[in-house]
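Next up is one chain by itself, shown in structure tokens, the form predicted on its own.
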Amino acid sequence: MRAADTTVGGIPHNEMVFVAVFSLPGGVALQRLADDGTLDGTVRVVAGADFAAAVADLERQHPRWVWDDTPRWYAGLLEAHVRVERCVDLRLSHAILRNSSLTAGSALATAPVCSWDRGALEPPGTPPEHTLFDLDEVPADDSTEDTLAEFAAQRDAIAGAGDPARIGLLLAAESAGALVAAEMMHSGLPWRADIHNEILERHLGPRPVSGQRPALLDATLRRLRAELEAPTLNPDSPSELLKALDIAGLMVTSTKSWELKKLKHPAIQPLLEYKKLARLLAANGWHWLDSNVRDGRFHPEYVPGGVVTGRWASTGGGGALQLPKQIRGAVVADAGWKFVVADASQLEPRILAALSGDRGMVEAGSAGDLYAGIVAGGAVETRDQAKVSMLGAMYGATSGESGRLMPQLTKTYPRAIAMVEQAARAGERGEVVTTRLGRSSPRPSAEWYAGQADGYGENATEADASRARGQARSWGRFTRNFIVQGSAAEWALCWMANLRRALHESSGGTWITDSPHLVFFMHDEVVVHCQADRVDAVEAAVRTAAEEAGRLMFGALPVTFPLTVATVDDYGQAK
């Protein structure tokens, strides 16, 4: 973990102090560890009520806290106004080490499934068994030995990895991401309930009586029913809607908006409008507002590593990763404060250029707009074609406009296209692919392998073979995109970890919410809430953190990750 220790967090490896945290009957144990995970000194047991003060005292030594789940321990510390600089989240780290091709031969990776695999066996966002506030009631068990043994097993797996620095950086960034997620949930995203209500009334009409449709949504429904001559139609039922469209002479196989937009019929406009308004009501309507905004803040519940590619997920019903443009105007900075909103432009194709070391594609992005650079390089004729062809390369589109453009794209950028093609072929064979820092894709299910065997077996029918080919191509599309999306998620983690550190270093020791702090994250975009007179410094920190993330991931390769940065009073102004 040496590269991670010297870059994500900024503390030299030879100054590293590990402190394991685990529960004991009657309190919390704090055990200093040597770098190899062995015991170093006597265990210190504090009552649950004294835990925050003990952590604050030890923070002066800049330790890396070793605990099972960051949400379990850090939420209570934040409530007590105790910030920790660094941690090892054993649960998140275990999931990576268990599945990574870099540690496939380790004792940890080959051990039977155990309690540390809980995150892989339960849905994302499953709450921890205990919280800081019931630690004194935790029954006696082997948690002490379990935590220490797991940490030692992880250190052994890292040491024996094909590239310890590479996987170490990923684990450090993943754990830092867990701290960021907890801090953003604690701080909350500033939210004006009155403005949100105004937005809903503007689009939907006054708040209806429970169980009734809002007036404007109901009026749209009446228009739709009239155009389809279906007075009792329930458009929220896909089967009913498909039947009504069929009777009207519209042959469609789904009710997805992109397919409906191809049709010409007077019912299509009110249908699309109804779907848009109904989605707003269901996803971010008055029930959402009542359930998720309190004291002027929305507290997003992120799940770091909740997607197999390493992307974050969200839980708790708030939909933190899906805030539609319609309601972003309700996200308003506090008086005297601003939002600095930054998103990484064309992140995934730039990641592909860097991963493959394709100098031509790196060069195409060096002037700022990668797609314009692809046009200038002669691969395609228009910017739209460049975007379509690159998306096809990363997601496996082989037909239509994307398929037509692929030969020339391949000729112009052979290394980049070869990389995703190789990843696709590996997936089609049921093999694992691995991101830049070492997160590996899951293997297909046993049913998938059985389907492949049946499709190419001695008694296989043409239908069996066709089904097997389809399954193989589908998994190949997944692995093709896995290396790009997963590596982009790693870049984003490094970006946030560096930005978190920079914001804290510039805070002068003030509490998180009293100084510039991260309040929102969505894949390739961050939002920082800061005082109006700190905007320039925050923007510089955001850009520097992105540059550092690129160097961490790709070293001296001259790939750039430009940002679009906006300073706004409300989030809706940023797009």
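Only a predicted model underlies this, so the values are computations on that prediction, with no experimental measurement involved. One-based numbering along the sequence shown.
What follows is about the form predicted together with the DNA, which we do not show.
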Tell me, out of A104, A333, L323, M419, which residue has a non-hydrogen atom within 4.5 angstroms of the DNA in the model of the complex. L323
Identify which of E229, E79, D218, E401 has a heavy atom within 4.5 Å of the DNA in the model of the complex; exactly one of them does. E401
Taking 4.5 angstroms as the cut-off for heavy atoms, does S314 touch the DNA in the model of the complex? yes
I'd like to know if M522 sits close to the DNA in the model of the complex, meaning any non-hydrogen atom pair within 4.5 angstroms. yes
Using a 4.5 Å heavy atom cut-off, state whether W191 contacts the DNA in the model of the complex. no
4.5 Å heavy atom contact, A165 to the DNA in the model of the complex: no
Each of N234, S239 and K275 within 4.5 Å of the DNA in the model of the complex, by any heavy atom, yes or no? yes
Partner absent here, but in the model of the complex, which of 487-495, 304-312, 195-203, 152-160 has residues with a heavy atom within 4.5 Å of the DNA? 304-312
Quick one: name the residues from 460-493 with any non-hydrogen atom within 4.5 angstroms of the DNA in the model of the complex. R477, F478, N481, Q485
